Every structure is written in C-alpha cells, then in structure tokens.
Ligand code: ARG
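Only one chain is shown below, in structure tokens, and it's the form predicted alone.
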Amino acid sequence: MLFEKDYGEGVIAIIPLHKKAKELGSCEKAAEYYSKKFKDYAYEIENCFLKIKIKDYVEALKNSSLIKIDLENKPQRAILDFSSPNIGKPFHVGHLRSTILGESLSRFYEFLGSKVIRWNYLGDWGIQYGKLIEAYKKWGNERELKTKGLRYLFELYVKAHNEGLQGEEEFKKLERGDKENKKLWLIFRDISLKEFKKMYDLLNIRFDIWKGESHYYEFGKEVIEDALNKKVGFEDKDKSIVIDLKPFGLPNLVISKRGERSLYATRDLACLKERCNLAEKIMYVVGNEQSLYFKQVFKAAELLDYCSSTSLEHVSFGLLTLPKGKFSTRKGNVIFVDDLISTIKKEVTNALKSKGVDVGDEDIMKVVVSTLSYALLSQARRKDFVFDVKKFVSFEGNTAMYLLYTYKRAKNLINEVSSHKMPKEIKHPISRHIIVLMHRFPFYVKKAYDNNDTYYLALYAYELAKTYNKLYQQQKFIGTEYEQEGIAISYGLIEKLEIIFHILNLQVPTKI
C-alpha cells in the first residue's frame, strides 16, 4: 500500500492489485475484494491499481478513523525485552535507544489491543561481577560507596579493568553461594536498581517484570540437561557443552564452559523457556550488533522445542552517537544519560525564553523528555543516528517542540470560539488535504506494525502538523466563513496527535 505521496484530490491510498488478481482471477475481482473493506469510500481502478478516495469531506471529517486495517498475526499477549542495563554501571547513552524504542513499541502494541509485558532483563550475573567484587575487596571504601553510589562502582570497575583483574575465582565463589560475595553482589544490585528506577521515572517509562540473568542461573542447568537429553547438544573435548548449529549455517552455541561456569546464552534460553508460556510474541529490542547471537539463540530454542507456538523477533536498531566534541566523556569512555539530559534541559530553557515562554521546571522536563524521545523515534530504527541536541531543540523542523507547539496552537484556536459546530462544507483545499491525511492514519499504523517501528507514526505526525500549520498561515479562521471549518479541523488534528503523543511518549506542557 502506498500512502506517503500526494496522489491527487481526495485519494487516501493506492493499492496494487496484481498479487490479489492472480489469486482471484482478475483485477476487477481483486478491486471488489478490497472495496468491501473500504465501503464508505469511493474508488477507481486504473492499470490494476485501486484508488481509494474520499466521498464527502464533511462526513469524512466526522468519521476520520473509518478505515479498518487487517493486521496479520496480531498477538493477544506480547513480551517486550528492552533497556536491560548492567548493574554496577550508570545509565549511559548506549541504553537510550533500546529503552525509548522499547517503551514506544509497548505503548503501540497496547494501542493495537495486545496485552503487553514490559520486561527488564538486567545484566546482573557473570564474570564481570566477580571482577567488581575483587576490585571492591582490594580498593573499596564503604563511605564512598554510600555517597557516590553507582558512579563509585563504575570507577572501581574501570580500575579493575585497567589493573587487569580477572574476577573468575570470585565469580565462581559467588555461583557456589559464598556468603561474603553474595552480600556484596546484593548491595551492588540494590544500589543499581534504585538509580535505574529514578532514571526510568524521569523518562516516564515503566516495567512489569524485573528479572535478570541471576534469576536464571539455576534454571540454566535444566537447559544443559535438555540439550543433552534431546541430543541437541554435545560435550566437546574440553568438557564444554555445545549446541550444534552448523547444519543451519550458524556458529555453534556454547552453553557451558568446562562443565562449570554458566554462560549468557544458557541463561537466555532458560528465560525463553519461561517466557514462551506467557506470550504469543516475544520481541528483543537490542542493537544490530547482536543479530547473529539472536539467530543462534532462536534456532537453539527451536531445537530444544521451547517456543513452538511463540513468535520470536529481534527488533534491531542502529548505533546512537553524539557529535564529537559536544559532550564530555567520563572515565571509561561512557557518556551518562543524566549529563545528556542536563545539556538538553539547558538548551530547552534557552529556547523557551527566546520565545518569551516562562514555565516551571516540571514543564521544562516534559519538553526535555519529549525532545529526547522524539529525536530517537523520528529516525528509522535500523539506521545509525547522530543525535545533535541543537537540531532537535527547535520550534522549526521535525522536532518534538514543533509538534507540541502545533498542538497548543490548535487548542488555543478552539478556545477562542464559543460555538463549535460541524461545517456544512469543507472549502479550503488544504483543509481537504488534512482530512485525507487523517484517513491515511491507519495505513501508517500498518506500516509501523509491519516494521515494528513507530518511526512511521512520527513521520505521520510531522506531515499532519506541517500541513495544518500551512493552513493556519494561509487562512484566517476567527470571524470568517472558515471559522467552523478551522475549528473542526483543529479537533481532528488534536485527536490524532494525542494518540501519537502517547505512543511516542511526548508530554504536553502547560505552556509552550
């Protein structure tokens, strides 16, 4: 379905009929099949393409959500695995795209009617925590840990790495239940979770389940037993347990090293075994660089017969970077999210002041979070992306501030008029085009669903806002023959933007 171009007066979509025509025998029969889905619209057939057109603009404005799009295999229950930071390290820029995209997709599937489980699969187990425990035992300071929290743990980890600490023996002790190591690990985990939750609250993001790798350590033993009993895995010469994936064109997946230490993949498979009983679709919102790993895990889960009735998908995304020289890099070559937010807040405050808008800190933070969310979601997820703060802190162009300003403009226009009636006729050609755009919304929804990318909804919102502002600038509404037309169009715009604002996590401030 094609929808992103202007196909002429009143055309909301052009549907290619060739595939359906082969199935049904002719383009006319294919057109009849589709026209039943669009019975409230006019349509034309041209060269085996079906044009869907607005019949009556006033009726179309009254019913701007008439089109019902069939979404194939829409799950009743879906699990989204996203964010998943490692304990002992502050929330940094590398976590942002997974976190913001995962929350947006969760809201999108809820909008579609699915029951969504947001799952934060914490990185809280593995040899790196043996390294952190070893570092704390060598150099740790309890007072600094209490005052600096996660930043202090990160400094220790960086020092451990620079000093060449291995941590393997300390982690083995942790796996065996050593009381001292378990106590330190719990302290590190609690400090991390408290700081993570503060950041999620700030970003207006929530989770239903907080279960990390540590929860699945013991269950990993079941995965190893399953692999051997089902003859999916084998023991190699150094006593490691390996799942044979070479017949499927993939590298083998090691699930136990030397019969002792559990591995990330083992715990992931143990988690999948549980998850597949909870949902029909599981989505991992993780960067492109993990594509091969997820192919291995999904194939291993299939061979182990863990997820026969569950769809597994790696929702991959490109690398997020920041312009060089624009941000200070902390120890360990990491840019922390709270530093980025402080930078955005400063720019937003200056931008609002330049417009003569005086707002409180709560409203400023709404714009900050909206700016950050929209900057990431307005980019196609698979592409790498350089986030330039100044570009997105602007009232011009494809930005959150532009959309929020347009929304407020429509609200203010409505508030200026006491009588709100549906016009008898839609006269202005741009008003007509806005109505066409309103009826294209379900096609953008389908595109977002087919690609697991709410970028298409950001694209739609910007196109709708840009067209509305063009109308606003060209035509005066108040006190003219276009008054009720402008009010009705404004209501339609607000309805669509509110849906998209919720999905994209844009928050409307009191003033802008």
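Each residue number is its position in the shown sequence, starting from 1. Computed from a predicted structure; not experimentally measured.
This protein has a second form, the form predicted in complex with ligand ARG, left out of what is shown; the following refers to that one.
Engineer: Could you tell me which of 230-238, 419-427, 433-441, 284-292 sits within 4.5 Å of ligand ARG in the predicted complex, going by non-hydrogen atoms?
Structural biologist: Single hit among the candidates: 284-292.
Engineer: Within 4.5 Å, heavy atoms only: does residue 248 come near ligand ARG in the predicted complex?
Structural biologist: Contact with ligand ARG, no.
Engineer: Against ligand ARG in the predicted complex, would residue 170 count as a contact residue? Criterion: heavy atoms within 4.5 Å.
Structural biologist: Residue 170 lies outside the contact set for ligand ARG.
Engineer: Even though ligand ARG is not shown here, does residue 103 get within 4.5 Å of it in the predicted complex, heavy atoms only?
Structural biologist: No - in the predicted complex, heavy atoms of residue 103 and ligand ARG never come within 4.5 Å of each other.
Engineer: Would you check, heavy atoms only and a 4.5 Å threshold, whether residue 86 touches ligand ARG in the predicted complex?
Structural biologist: Flag for residue 86 set to yes.
Engineer: Looking at 264, 219, 210, 385, which is the one with a non-hydrogen atom within 4.5 Å of ligand ARG in the predicted complex?
Structural biologist: Residue within 4.5 Å of the partner: 264.
Engineer: Ligand ARG isn't shown here, but in the predicted complex which of 299, 345, 95, 273 has a heavy atom within 4.5 Å of it?
Structural biologist: Checked against the cut-off, the match is 95.
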